[in-house]
Every structure is written in structure tokens, then in C-alpha cells.
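Starting off, we have a lone chain in the form predicted on its own, written out as C-alpha cells.
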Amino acid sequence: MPAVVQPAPASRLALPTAETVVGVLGLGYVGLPLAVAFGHRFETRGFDVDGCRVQALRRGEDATREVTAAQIASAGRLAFTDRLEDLRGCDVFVVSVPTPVDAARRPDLAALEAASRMVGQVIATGDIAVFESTVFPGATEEVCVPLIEAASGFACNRDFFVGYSPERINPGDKRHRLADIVKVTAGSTPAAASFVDALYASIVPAGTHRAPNIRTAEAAKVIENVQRDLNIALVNELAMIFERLQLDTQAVLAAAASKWNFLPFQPGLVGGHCIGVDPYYLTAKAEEVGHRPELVLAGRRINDAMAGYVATRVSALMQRRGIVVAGSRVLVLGLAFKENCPDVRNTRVVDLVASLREHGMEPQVYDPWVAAADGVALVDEPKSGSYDAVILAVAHDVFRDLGAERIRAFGKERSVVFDVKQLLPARAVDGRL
């Protein structure tokens, strides 16, 4: 006969109480806002393997600029640690670690696997592990659970439980914060699902959406970014077509947007740790089960090629102006993957810099939001009249505030200004997407 799975004590699976202790593993763009929110209601222990990050947070310093010192201080029940042992005694373990792709664009679960093993070392009978990282459908139960079981010697849904509540943080967005975005929740049993839903409902005024199971919640998260990726790929391809037809893409989009149901997506570079990554998690799983996802991969190919397309457009504009491309100096404004954010993970501006070099240009990058980045030299302050071309790659407010005249002043008398982000008026630039 199969073994009977005994539930944990009902008191541990009823609802969160003021005595519930929450551990948050990973204090980046997702984990830190979560830890702060939980720290207002529960005893919360924020854990990160980066000791320097922990020390900075204890001083109220957040390098991601997602949380202020005052907000950290206001979370009176929150403490930071880089000692795994400090998580012992937590009732809930919330895992919010990165899930990038490797050089072959395959899911890289190293951080998620390491965090699962850590949870397994400190979890106790009746505890719940909740995962926030974006993954392919099935990852929580197929990858994370066995690692927790192996490290703990416990059995899932007998000794401990799991949940999934995908992150929806939008870095740099001050209007859509954790409290403002409906939270999808799911659990490995009905009781676990109720616990997880109640836990998040206590910190998210916008409310929750309880999915029927963990795989559904995982799939819902990953397709959010697949949908955006495909829509941006469409307008990127339209921009390529309209350029050949000598049409202003922005004028075409503005005209089309006069219809109520036209979706207002914009062309551009698609990077970051979500939109430029998550589709590969779905396509990898799809191929594993025997389906070749043609449309999703086509969108990825288009978006991954945009940096090269921009470099080619700039080169052509320079040649029309009689500017010698080889050896020319090009200023790239912006390195972060999106506006008003210091995050450079998977930024496609890196690809743009590489493509400019392939054309024989000498690019320099200026981004006041970014302190340093591997493989890209940043200039402290661009000099006026020094560049053969200026490329506006990221729509930081600081660049918007500079205005067209001051941005053009970075260039020589005969130079090219190309606007990737449609930040400047069409008449003020020589080319744009």
C-alpha cells in the first residue's frame, strides 16, 4: 500500500499570525521590497550571501535605489543577515533569487538550486517555502522540492509545504510598487495555498489572485513577459519595414493608436532580467516536451538583433553626412536596461557598443545612474563638441531634462543624433526608431 501522507500540525497551516516569522532569501530588486513590506507586520529576517550588501542595508543604503533609508528604518521588525543559521526558526522561507539564462540562452537555475539547498538546511516540520523567482512551469516541484527534501530529509506535503507567488516588481517604476500590484499565489496543498494567499494579502493592498496550482502560477508569470516581448518584436519589425518605406514609425503608430483597441507598444532595445530572459524559460520547457515554439523564438531573434540594426542605421546616417565611420567617436547615452534604474543585467546596450565597434567606431558610454559595469568603460562627463554621433539609448529623466539642444551639443558641428527611445522631437534628431 502507498504510504499515507500526514499533514503538518493544523496550527502551522491555519493563517499567518503576528507571531509568524518570515525569512527572505535574496535581497535584490525583488527581495528587499518584500522584506521591508513583511518587516512591517512580521518578524522578518532578510538574508543575502553578499556580506557587503547586508552591511550596506544595515546602514540604510540600497544600491538598487528601490527602497529608501527611511523605508528600511520604518520596517521595525526587519533584520538583515548573511548567516544562514539566522534563518533557523523561521516559519516561512521566501526565495527571491535571480533566474537568468546562460551563454547558450538556456535557463540557469544555479542560484535557485543553491537557495533551495539552503532552505533545506534550516527548514523545520510544518514550515513553508515560497518561491518568487520566474521559472518554467514545473520548476518549483521538479527542481526546488527535491533539493529541499534531500538537504532536510523531510518529505514535501508531509513535513513541509511549498508555495509560489511570482514577483511582479518593475525596477525604477515609482508608480507600480509591490503594494499596488495584484499578487498571484499558489500552494502545494489547499491549506498551503490558503496560507500563502493570506500571507501576501496582508502586505499587498491591491489584493491577490489565487491560482489553482503552482504550475499554473509559474506559467502565468512567464507568459506576462512573453506577451510583452512579442508585442515589442512586432513594432521593432514594423520599424525596420517603415524605415525602408521612408515612413516615420512614430507617426504611423500615433495614427494607429487613434483606434481604442490598438496596443501602444514602442520599438527599442529589449533587455533586462525579465522580458529579455523569461521567454527562454518557456521555450526550453516547450522543447523538452516536444514542441518547437516558432513564434516566441522569432520574437526573441528580432529583439536580440535590434542593437545591430541601430548600429547599422547610425553608420548609414554618418556616411550620408560624409562622416568617416572608421575611427569615429560615438557617445552612447545610457547603459542601464531601462530608464531611471541602475540595473545593467542583460542590458542590450552592451550589444550596441559591441556592434558599433564592429563597424569600426569608438563608442563611449555615459550613464549617471550606473557606477560601473563589466566590459564597458563609462565616461564621467561627456565633452561638448567631441563626438561624430550621439545615440540616445536609455530614456533616463536626466537625459530628457538635458533636451535636444544640449544633447546635440555633445556632437561635432557635422554629427548625427539617433534617438532609440523616442525621447526627443523628430525634428531635433537625424534618425530614430
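No experiment lies behind these values; they were computed from the predicted model shown. In case it trips you up, residue 1 is the first one in the sequence shown, and so on.
The next section is about a form of this same protein that is not shown, the form predicted in complex with a small molecule.
The candidate stretches are 197 to 205, 270 to 278, 252 to 260, 291 to 299, and the one lying within 4.5 Å of the small molecule in the model of the complex by heavy atoms is 270 to 278. This chain lacks the partner; the member of 181, 114, 143, 316 within 4.5 angstroms of the small molecule in the model of the complex by a non-hydrogen atom is 114.
Only one of 219, 78, 169, 361 lies close to the small molecule in the model of the complex, with a heavy atom inside 4.5 Å, and it is 169. For the candidate spot formed by 248, 391 and 422, no residue has a non-hydrogen atom within 4.5 angstroms of the small molecule in the model of the complex. For residue 49, a non-hydrogen atom is located within 4.5 Å of the small molecule in the model of the complex, even though that partner is not displayed. Put simply, residue 365 is far from the small molecule in the model of the complex: not one heavy atom of it is within 4.5 Å. In the model of the complex, none of the heavy atoms of residue 382 sits within 4.5 Å of a heavy atom of the small molecule.
None of the heavy atoms of residue 417 is located within 4.5 Å of the small molecule in the model of the complex.
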